[in-house]
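Shown here is one chain on its own, the form predicted on its own, set out as structure tokens.
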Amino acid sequence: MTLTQLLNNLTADTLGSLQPFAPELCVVGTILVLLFVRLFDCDRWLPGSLVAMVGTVLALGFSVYQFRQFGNGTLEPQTLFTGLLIFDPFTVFFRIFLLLFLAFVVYLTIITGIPDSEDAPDFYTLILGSTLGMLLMVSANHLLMVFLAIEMTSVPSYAMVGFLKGRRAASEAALKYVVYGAGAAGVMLFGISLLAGLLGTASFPELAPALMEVQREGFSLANPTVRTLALGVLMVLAGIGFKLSLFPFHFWAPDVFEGASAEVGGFLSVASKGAAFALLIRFLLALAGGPGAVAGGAQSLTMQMGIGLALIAVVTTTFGNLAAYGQTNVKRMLAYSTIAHAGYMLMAVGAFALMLNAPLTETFTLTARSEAAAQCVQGLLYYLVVYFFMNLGVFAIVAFVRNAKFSENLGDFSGLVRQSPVLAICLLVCVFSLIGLPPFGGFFGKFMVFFSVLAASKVHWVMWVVLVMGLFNTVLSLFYYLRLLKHAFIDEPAADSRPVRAELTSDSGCYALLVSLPVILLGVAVEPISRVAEDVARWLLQA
């Protein structure tokens, strides 16, 4: 192939990739507008929040349109930019998830006044830049793109954590986040270099065939090549585990959530986890070669990873729930709660890895195996949708209480029901859903996850342990969640405390209802979102 042909092919591929890449291009355009607003000091007549909201809604509109095109068969999955990214319904689903969540967070910051008008363009540039990295994470189809996307997500997050100027806790949390994040990035990059060097490729579709070649030499830990490959995989998983705040990579989360504003904490607790779980699913699928791959050494590696992830999920959930009990700062308590919920969702991922290449029998056919793997992804997606609203709802109420009392301790919630019944009831809905009580959405999210774990127990007995510990942790979480509700509904407010005023007609009251009502609807009307999640999971495993 001549240089001219190479350039022509590259140009044609790039131009053909621009239309499917439209949502990301909208986010990039919005970032550029915000930078020009700051550069030319236009934020006095063109608010940064307005620019961010318009750009986010426009990108969300493109994503919804693309999802409908996949639904009616107009669009087909394809690779973008010479195979660096993949464009499929799984990608578009997470685009909608992330962009809708960004719109909710931007609206929350408008209500709470963080950031102020002077710093708004800078703040929204950072949050849009981090979201852009997450959008690349969910569509990554190459190991180098994985690293670039995670770094694009992380670097703006470091600045957002320390965005509250003059607060020592925020500056300290940002510094810790940078140091831990840099260490995790270095470990992950080293793992990527090991995988790419030994397998001769960094492209996701080529990983499983390359692993099959290694299998011909004997796929056991006695083989030094296999040991090095396993080390590389573990290092990549460590980088993803850091973004998910899984044990033992959780140590940054409590300090970061306590030091950052509640708005930033809510953003990091949901958006980064959604993107990281999407990336983890793609990485496992790439290693296994899909549910239809021929059983072999690479597939046994995937199954061992599934067992390991399931056990990490148990430890993560247990640690998060135990550590949350002794906290007095609500944001720090919610940080440990976030760790625990990451563990619940990881249970579904562990079950997915086991189901991908489970041994076939006369009753457990290839079709049944694919259906079981899709069921695990369906449970994860539904849990993420519910987690979107219930976790954001609690963080939003923390922000409203902070604005009234200038503090975020458990005692500041005392007597909340007497001061603002709307916020108290919305807090009750979100907390009960976080616990997993019916008839709220969190109950059905956990039910789907536990159901996938139960199905995976037929493949390996360790999943019975995971299921029992998951149910035990659901009961365990009652203790610290009910402490928060006890303060809000039973305890009397301190005589010298500032009152929390949030009426039903106020912006804060309307926002609390806006994020709490879907929690109830997702518990009453399970089928619509469950069906969408099922379709996305099937599309992913058929691609």
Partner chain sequence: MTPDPVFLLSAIIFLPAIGALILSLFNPKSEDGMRSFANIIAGATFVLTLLAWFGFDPAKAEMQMSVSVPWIKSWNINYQLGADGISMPLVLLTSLISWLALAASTSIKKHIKGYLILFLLLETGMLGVFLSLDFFLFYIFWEVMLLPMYFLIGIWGGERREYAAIKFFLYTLVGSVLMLIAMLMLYFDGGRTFDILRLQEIGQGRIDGLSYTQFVQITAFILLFIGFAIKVPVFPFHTWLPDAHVQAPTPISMILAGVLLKMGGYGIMRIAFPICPVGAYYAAHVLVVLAVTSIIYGAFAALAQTDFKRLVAYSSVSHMGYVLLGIAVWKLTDGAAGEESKQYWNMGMQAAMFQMLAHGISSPGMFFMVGVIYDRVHHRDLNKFGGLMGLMPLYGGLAVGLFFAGLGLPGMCGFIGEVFSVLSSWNFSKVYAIIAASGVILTAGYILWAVQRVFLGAEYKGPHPEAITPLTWNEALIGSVLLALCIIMGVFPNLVFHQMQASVSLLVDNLYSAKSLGTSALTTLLSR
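Numbering follows the first chain given and starts at 1. Everything quoted here is computed from the prediction, not taken from an experiment.
Missing here is the form predicted in complex with its partner chain; even so, the following discussion is about that form.
Interface membership of residue 438, defined by any non-hydrogen atom within 4.5 Å of its partner chain in the model of the complex, is confirmed.
Taking non-hydrogen atoms only, residue 486 approaches its partner chain to within 4.5 angstroms in the model of the complex. Its partner chain in the model of the complex is approached by residue 479, whose closest heavy atom lies within 4.5 angstroms of it.
Looking at residue 475, you'd find a heavy atom of it within 4.5 angstroms of its partner chain in the model of the complex. Taken together, the three residues 103, 122 and 148 all stay farther than 4.5 Å from its partner chain in the model of the complex, as judged by their closest heavy atom.
This chain lacks the partner; the member of 443, 190, 283, 247 within 4.5 angstroms of its partner chain in the model of the complex by a non-hydrogen atom is 443. Among the residues 337, 269, 261, 378, the one placing a heavy atom within 4.5 Å of its partner chain in the model of the complex is 378.
Residues within 4.5 angstroms of its partner chain in the model of the complex, judged by any non-hydrogen atom, belong to 466-474 and to none of the other stretches in 162-170, 326-334, 466-474, 202-210. Annotation for 443-462: interface residues with its partner chain in the model of the complex are 443, 444, 447, 448, 450, 451, 454, 455, 458 [heavy atom within 4.5 Å].
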